[in-house]
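Take a look at this one chain, the form predicted alone, written out in structure tokens.
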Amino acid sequence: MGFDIDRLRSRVGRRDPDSGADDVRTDGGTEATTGGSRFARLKHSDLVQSLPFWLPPALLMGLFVYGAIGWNLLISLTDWSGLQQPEYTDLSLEMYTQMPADASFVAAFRNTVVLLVVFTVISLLIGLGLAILIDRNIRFENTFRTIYLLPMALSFVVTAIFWSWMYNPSTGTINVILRGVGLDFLAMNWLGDTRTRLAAIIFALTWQFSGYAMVVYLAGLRAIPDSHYEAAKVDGAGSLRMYWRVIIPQLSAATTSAAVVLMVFALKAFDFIYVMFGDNPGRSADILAVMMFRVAFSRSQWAYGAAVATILFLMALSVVAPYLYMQYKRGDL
């Protein structure tokens, strides 16, 4: 019985074209299959099999978030006043060029920046101080931590109503306490006086969110090894120098994370100010979010309101984008 070498080679080289595996060549190597095998590999890939889970939310987000942002930008390039359909044939930057000459916009932009910076810095400093105190193994640590964090659980609406009572010039708790300790000259109309209105807003928001900064810093402090504290003490560093030179520099990641979240909260302070003052808090306390609502919904200047919203979006993007880039460079994204 003869041995058919050609028939053996043909049997070894024949594979199922839909199996997704490589064909075996008669010289001992392999060759990639084409046609149906590529389709089979694609059909069973992780990307295709995960489509039902991520594609629907991605499409919804693309339509209702990024689509809305794009449409808002498009409206800001028109002169739409809300009385008719917007005209997209004659687009211009007119709404943006008139902003520097608008005293209301300049005041709202300045107040937004002041609120963003001052509120964030003070909240970080208070949060860091509270975190250091709690980290020293004080009694009732969990109780104090809950008390400091509790205001963050309140909504802007509740906080605004609460502090409106506190700032009441005649029956408010702040003025009552000041008069009770003989500091009548410090009692004033905190929300009615244009000199103190923005400061009162910043103080109330700091009260609400400094507990968040405390929790972030406390987590950062607990992540620092005890050996770092012991090494600083061996070198003769006192408590103040140890924290300033050794501990606080290691909290840069916590500072960045907390600062980004606090700045986003500052840009979202519309609810707080609207509940306190309505849509016209005056130039001393006006911010871009309130101005956007006022010019768009109260004055029907939709194109100008969309332009203010675009500026506010760019400010938020300038806060979040660098942070995301840093996270990406560190490999955390």
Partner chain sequence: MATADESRQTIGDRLADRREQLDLTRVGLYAALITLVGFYLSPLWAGLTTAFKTQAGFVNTTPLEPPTPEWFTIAPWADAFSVMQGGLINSITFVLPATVLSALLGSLAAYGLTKLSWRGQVGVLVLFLAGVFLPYQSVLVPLRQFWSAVDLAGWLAFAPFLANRADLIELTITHTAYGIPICTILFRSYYKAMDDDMIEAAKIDGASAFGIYKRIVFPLSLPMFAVTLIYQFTQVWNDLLFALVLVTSRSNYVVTLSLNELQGAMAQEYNLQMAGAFIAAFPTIIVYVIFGRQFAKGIAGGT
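On a predicted model such as this, the values are computed, not experimentally measured, just so you know. Residue numbers count along the first chain shown, from 1.
If you look for the form predicted together with the partner chain, you will not find it shown, but the lines that follow are about it.
> Heavy atoms within 4.5 Å of the partner chain in the predicted complex: which of the stretches 240-248, 200-208, 93-101, 106-114 has them?
Replying inline: Single hit among the candidates: 200-208.
> Among Leu125, Ile224, Ile177, Val118, which has any heavy atom within 4.5 Å of the partner chain in the predicted complex?
Replying inline: Exactly one residue meets the criterion: Ile177.
> Though only this chain appears here, would Arg195 touch the partner chain in the predicted complex if you measure heavy atom gaps against 4.5 Å?
Replying inline: Although the partner chain is absent here, Arg195 would stay clear of it in the predicted complex, with no heavy atoms inside 4.5 Å.
> Is Met292 close enough to touch the partner chain in the predicted complex, meaning at least one heavy atom pair within 4.5 Å?
Replying inline: Because a heavy atom of Met292 falls inside 4.5 Å of the partner chain in the predicted complex, the answer is yes.
> Taking the shortest heavy atom distance, is Trp165 within 4.5 Å of the partner chain in the predicted complex?
Replying inline: Yes, Trp165 sits close enough to the partner chain in the predicted complex that at least one of its heavy atoms falls within 4.5 Å.
>> Contact with the partner chain in the predicted complex for Phe144, defined as at least one heavy atom pair within 4.5 Å: yes or no?
In response: Although the partner chain is absent here, Phe144 would touch it in the predicted complex, with heavy atoms inside 4.5 Å.
>> Just to make sure I understand: among 256-282, which residues lie within 4.5 Å of the partner chain in the predicted complex, judging by heavy atoms?
In response: The stretch touches the partner through Ser257, Val260, Val261, Val264, Lys268, Phe270, Asp271, Tyr274, Val275.
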